[in-house]
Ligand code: HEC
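One chain follows as structure tokens, the form predicted on its own.
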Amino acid sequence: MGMRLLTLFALLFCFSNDVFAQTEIDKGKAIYSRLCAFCHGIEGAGDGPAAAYLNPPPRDFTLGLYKWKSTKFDEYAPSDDDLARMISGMRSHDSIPGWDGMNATSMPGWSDLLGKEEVSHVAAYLKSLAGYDNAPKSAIDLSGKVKADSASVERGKTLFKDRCAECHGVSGRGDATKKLKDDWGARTWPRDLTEGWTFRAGSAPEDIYARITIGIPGTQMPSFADPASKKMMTDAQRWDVANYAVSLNESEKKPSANPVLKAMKLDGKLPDGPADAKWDKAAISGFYLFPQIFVSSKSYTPSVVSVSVKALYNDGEAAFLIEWDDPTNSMPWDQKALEIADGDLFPDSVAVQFPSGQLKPGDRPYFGMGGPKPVTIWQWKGPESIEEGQRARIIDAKGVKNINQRLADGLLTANGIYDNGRWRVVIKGPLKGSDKDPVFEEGGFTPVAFALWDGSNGDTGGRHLMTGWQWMTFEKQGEGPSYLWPVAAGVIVFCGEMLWLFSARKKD
């Protein structure tokens, strides 16, 4: 009798666990259907209605293959913590302001809508899609961390050139000339290591060490801890490379939440090219780009995340130094560039847009090339053939279907240099050449917007990346050293104290 009761209790215990697990999966499925299926598909195969318009495409959960995990390179599955972090939002990693999901993707963090228990339910459902009964608990060991001193960075630089530059480029900007695709057939680009804010699983040394050690499953990024690899590195070497990669981050170019472009006034001639030392005096501002999806020739697969800008002006002209990282120099006549491009190849291009000078100060037309309120656009375009040079043009627009191009000769000049995955373009134009040209008021603010075309990504015409209106200020030139006012204030305070002290003694 005792044995029968023991057996019955054991069966009930096992059954209750199965029911509990199934209930957790069912709860996760309900949440998934409501929040996730539009991108990842009803069955989790990465084929939702939005999938065709997203770059990178949504994850196929039925394969159970995840890029961002902390488990060892020879362990296929991620841990429960990995799944929870991907659903709720990655840990703080130099992320885009207001965005705690996967940087440079359409995957948001759901921690503002889902509690820990609900995240656990969704993770259970995702594991069920891949047939995982249990997730592994083992993770890579971070205890051997190497101090990020100059010696470590220098060792890492040597190792990087030997092991990593083949894909990431000699400057780490992801510009090595290779056409890569992941295991799902999607186009991939090596990470630009100078833009740490775009990393999807963290930009700290520990995060980068994890990627070097584990690799990125499903992509060409291998594990450098794999003893079967000819490029295997020791634990200390992997930390050195991680420290070097962190040193490449150009954090000053990261766009802020509310950037303002500050134009500095110079006496004399403004620089014609990007290498001029005068640009060192100008402040830098970064701006996030988004794809143009509002009118025909829509762009859904952006290849560039942000653009950084410096501005100078004098009494007659304004000049902009516009920089962005682009893994390819789009040269339509070059066979290698044609092989790398996705489909047709067009020249790279960039433009800066202002409200027309015909408008009242502070007026903001529609940011997509204007409308009833017109805009003026200064554009630089790379050469279309080996015989042609770079071009500049002025565009007056009242919307995408009402465009007039003016000759730029003598008014607008533009010059760009491509170097190891980075475009640096100077556009220089008149402060007031005609009644249509923008009016810039010293000490005031004016709206400005930017547009960018990556020809290797099929960008041409209305298919491009853009910003909304941003604010630009033309700062007044200082009339004297800035320390005079503090000194004067100090003298006044000192004199006041001496008078008080003298009067107090006289009373005594």
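None of the values given here were measured: they were computed from a predicted structure. Residue numbers here begin at 1 and follow the sequence given.
What comes next is about the form predicted in complex with this ligand, which is not displayed.
Student: Within 4.5 Å of this ligand in the predicted complex, heavy atoms considered, which of I212, A318, V350, A397?
Tutor: Partner contact (heavy atom, 4.5 Å) among the options: I212.
Student: Between L412, M331, A201, I322, only one gets a heavy atom within 4.5 angstroms of this ligand in the predicted complex; which residue is that?
Tutor: It is A201.
Student: I need the one stretch from 120-128, 256-264, 350-358, 387-395 whose residues put non-hydrogen atoms within 4.5 angstroms of this ligand in the predicted complex.
Tutor: In the other structure, the partner sits against 120-128.
Student: Would you check, heavy atoms only and a 4.5 Å threshold, whether P222 touches this ligand in the predicted complex?
Tutor: Contact with this ligand, yes.
Student: Within a 4.5 Å heavy atom cut-off, is P58 in contact with this ligand in the predicted complex?
Tutor: Because a heavy atom of P58 falls inside 4.5 Å of this ligand in the predicted complex, the answer is yes.
Student: Is the gap between P190 and this ligand in the predicted complex 4.5 Å or less for some heavy atom pair?
Tutor: Taking the distances in the predicted complex, the answer for P190 is yes, it comes within 4.5 Å of this ligand.
Student: When the contact criterion is heavy atoms within 4.5 Å, does K67 count as touching this ligand in the predicted complex?
Tutor: It does: once this ligand is placed as it appears in the predicted complex, K67 has a heavy atom within 4.5 Å of it.
Student: Within 4.5 Å of this ligand in the predicted complex, do L270, K373 and V426 each have at least one heavy atom?
Tutor: The answer is no; none of L270, K373 and V426 reaches this ligand.
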